[in-house]
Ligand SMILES: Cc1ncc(COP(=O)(O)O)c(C=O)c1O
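Just one chain follows, in the form predicted alone, and it is written as C-alpha cells.
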C-alpha cells in the first residue's frame, strides 16, 4: 500500500534514518506548538493558571485521554512516565513475606528494579516466567505465564508490549485468569497507547500505566496511571504534597488524583498537550498510518531474517504493529554495531542484548519510508562483511 509521508510534520533531522521511535518518541511540530502555548499561558498570569485554573484544565486533559484509552476520567491520572507509574503500583500493593510477584523475562530493566527492591523491602519473592523467542502463538505466551503461577502468587506484572523483544502479551486473557484467582495484575503499557487501540476497562487489569510521549506522539513527560475502581483510593503517592496528609488543599476526595496531580509548582504542559496529540492522530487517520507502518516493518523484519537466516520472532504479521525485533548473530558486539550503523549509515536504531542473544529493534512511525529500511539493511550487510574478514 502507498504510505503517506509525514516526515515534514516532525522536527527530526532529515539526514538521519530514525528507526528508534520506541525509545523516546518524536513529537509533531503542531503538538510542540501546543506545549509552548500552554507554557506561555502559564507565564502570563501564573497565579491565575495554577491556583484557579489548574484543576479544571487537568480534568479536561484527563477526560480526553480517558476517552482515548477507554476508561473513566476519575480513574486515571497524569504522571511523568511509565516507570514512575510502576513505582506507584509497587508502593500501593501490600506485600508480605511469602508473597510472590511474577513477571516475565522480557521486562524493562528499570521496572524490574522497582519490583526487586520492593520485594527486598517486604520479604516477598520475585520470580520470572521464561517466555520463548521465537514463539508460535499468543496462546503460547499466555500459557508460559499462567503455568508459572503458584499458590503464593500475589501479583502478576506484565508488559503489554515488551521493550527488549517487542512481544505483545495477551493481557485480557491473563487479566481474566488473575481475577478468577484473586491475583493482582499490573501492566506496563509503555509502548501500547497509540500503537494499539485500547479499551482499558474491557482489558480488566487492576493497574495499567502507559506513556503518551512514545506512540501517541505527545511531548516527553506525559504518561498516565489508570486503576480499577477498587484501587482509586488505595494508591500511595511517590511524592507527599497537598493531596496527602493532615494539611489538605484543593482535594476532590479521590486519592489517585489528589495524591498525584498537584505536587507543588511544576510544569503540567506535557499533560495538557495530550489532547492536541490525540487530535493530531485522529486528523491524520492514524489507523491507516499504523497499517502502513506494519507493512514497512514486515518488510524490514523479513529482510533482516533472510540476511542472517534466523527464524522470525513472530508467528505472523498480526503479532506486531509498529515495533518489532529480528535476531542478529550472537557473537556481534551490540554497542559496536550500534555505533557503526549511526556513524557510517546514519541509522539510529537500538541493538538489544537479551538473554545472551542480539536483536535489532525496528520502530516504524508515520515519518519512516523504504529508504530507512534500505539504509539499515545496507549497514547490517556491511558490518557482517567486515566481521567475516576478521
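Since we're looking at a predicted model, the values are computed, not measured. Numbering follows the first chain given and starts at 1.
The form predicted in complex with the named molecule exists for this protein as well; it is not shown, and the discussion that follows is about that form.
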Checklist line | the named molecule contact at residue 108 in the predicted bound form, heavy atom, 4.5 Å | finding: yes
Notebook entry, point to check: Could you tell me if residue 190 has a non-hydrogen atom within 4.5 Å of the named molecule in the predicted bound form?
Noted result: yes
Check: Though only this chain appears here, would residue 82 touch the named molecule in the predicted bound form if you measure heavy atom gaps against 4.5 Å?
Finding: yes
Checklist line | residue 301 within 4.5 Å of the named molecule in the predicted bound form, heavy atoms | finding: no
Notebook entry, point to check: Pick from 260, 195, 163, 71: which has a non-hydrogen atom within 4.5 Å of the named molecule in the predicted bound form?
Noted result: 163
Notebook entry, point to check: in the predicted bound form, which of 174 to 182, 211 to 219, 292 to 300, 246 to 254 comes within 4.5 Å of the named molecule (heavy atoms)?
Noted result: 211 to 219
Next item on the list: Could you list which residues of 7 to 29 come within 4.5 Å of the named molecule in the predicted bound form, counting heavy atoms only?
Entry: 22, 23
